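Take a look at this one chain, the form predicted on its own, written out in C-alpha cells.
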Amino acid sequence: MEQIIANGLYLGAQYALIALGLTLIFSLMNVLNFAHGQMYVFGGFITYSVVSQLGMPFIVGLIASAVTLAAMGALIERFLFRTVIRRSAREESTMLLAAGIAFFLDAVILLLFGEKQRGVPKIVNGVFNWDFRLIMPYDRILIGVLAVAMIVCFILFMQYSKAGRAMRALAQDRTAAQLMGVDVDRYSMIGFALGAMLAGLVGALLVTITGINLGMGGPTSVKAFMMIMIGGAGVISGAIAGGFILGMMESVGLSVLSSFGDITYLVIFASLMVFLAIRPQGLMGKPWG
C-alpha cells in the first residue's frame, strides 16, 4: 500500500504540473491547446541536448527548457492565436490552429532530434528502501519534490504577484478586467508563455527518468485533457486535484490490475466517462461553465 501511494503521489505531482499549464491557457483565452504534449516533448529534448550533447549541468538544461518554451509560447500566442481570435469568432478556428501547431512541432522535433528514445544520466544515484515496503529511487524522489516545489511557486505567483492577479482577473471576466485597465493582450501572452514553460519543465524533469521520444506528445496531451476534465476546465485547483487523482488511479491500476493484462487505461477511461455523465463540469467546475 505504501508503494502504491508513493508512486501515485510521484505521478500526480508531474501530471498536476502538466495540467496547470493547459488549464491556465484555457482559462485565459478559452483555447484548448492540443500542442501541449508536443511542448512537453520539445522541453525534454532541449534538456537532453544541453545535458547530454553539450555536457552542461542538469540545472542549465532545466533553465534552457523553461526559457525556450516560454519564448515559443509567447510567439505562438502573439502571432498565431491572437490573430486568429481577432479575425474569427468561431471556436473551431483556434482548435484547428492548435492541432496544426501540434503537427508542426512533431515535424520540427523529428527533423531536429529524430524519433529515437533519448535520455540523460541520473541526477542522483541510489535507492531509498524502507523495510521493503517502500522502494523508491532517489532521483524519482528528487523529481517529485521539484515538481511539488514548482506547483507551490506557481500558486504563490498567481496569488501574490501583479501579473498573477491580472491573469486571475482576466480568467474570471475578460471584459471587466479590460475595463479596469488590465492589458489583455500582454497578460494573455504572459499566460500562454507560462503555460508552455510549465509543459517544458515537466519534459525536462522526466527526461531523466523515463526519457523522451517523438511519440509521447499525443498521449501526454490526452492525459492533460483528462486531468482538467476531472478537476474542472479552467480551474487551477481542479487541475492540481485532477493530476493527483489520475496519478493515484494509474498507480492503483498498474499495481492491482496488472494480473488482468494491460487494462489500466481501459478502466480509467470507463470510470472517466461515468464520472462525466454524472458531473460534466468536473469536481470544481461550475455547472454553468
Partner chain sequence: MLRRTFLRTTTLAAFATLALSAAHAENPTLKIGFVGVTSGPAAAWGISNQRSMETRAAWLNELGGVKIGDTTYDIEIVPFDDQKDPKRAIAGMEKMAQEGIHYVVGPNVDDGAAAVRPVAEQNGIIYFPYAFPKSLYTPPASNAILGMVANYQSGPAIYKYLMDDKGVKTVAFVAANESDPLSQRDSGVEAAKALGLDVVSDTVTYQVDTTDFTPVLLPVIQKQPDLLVLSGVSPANAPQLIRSARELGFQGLISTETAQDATVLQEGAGDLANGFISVGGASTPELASDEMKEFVDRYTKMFGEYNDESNTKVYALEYILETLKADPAAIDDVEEFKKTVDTFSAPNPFMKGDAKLSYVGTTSFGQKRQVAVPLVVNEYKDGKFETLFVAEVD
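Residue numbers count along the first chain shown, from 1. If you're wondering where the values come from, they're calculated on a predicted model, not measured in any experiment.
A second form of this protein, the form predicted in complex with the partner chain, is not displayed here; the remarks below concern that form.
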Candidate site D139, G211 and Y265: all three near the partner chain in the predicted complex by heavy atom within 4.5 Å: yes
Region of this chain that lies against the partner chain in the predicted complex, out of 147-155, 88-96, 193-201, 103-111 [heavy atom, 4.5 Å]: 103-111
The unique member of A71, I135, V84, A163 whose heavy atoms fall within 4.5 Å of the partner chain in the predicted complex: I135
Of F42, Y48, F26, F34, the one that lies within 4.5 Å of the partner chain in the predicted complex (heavy atoms): Y48
Interface membership of S237, the partner chain in the predicted complex, 4.5 Å heavy atom rule: no
Residue contact check: V120 to the partner chain in the predicted complex, 4.5 Å heavy atom: yes
Contact label in the predicted complex: A64 to the partner chain, heavy atom within 4.5 Å: no
4.5 angstroms heavy atom contact with the partner chain in the predicted complex for N30: no
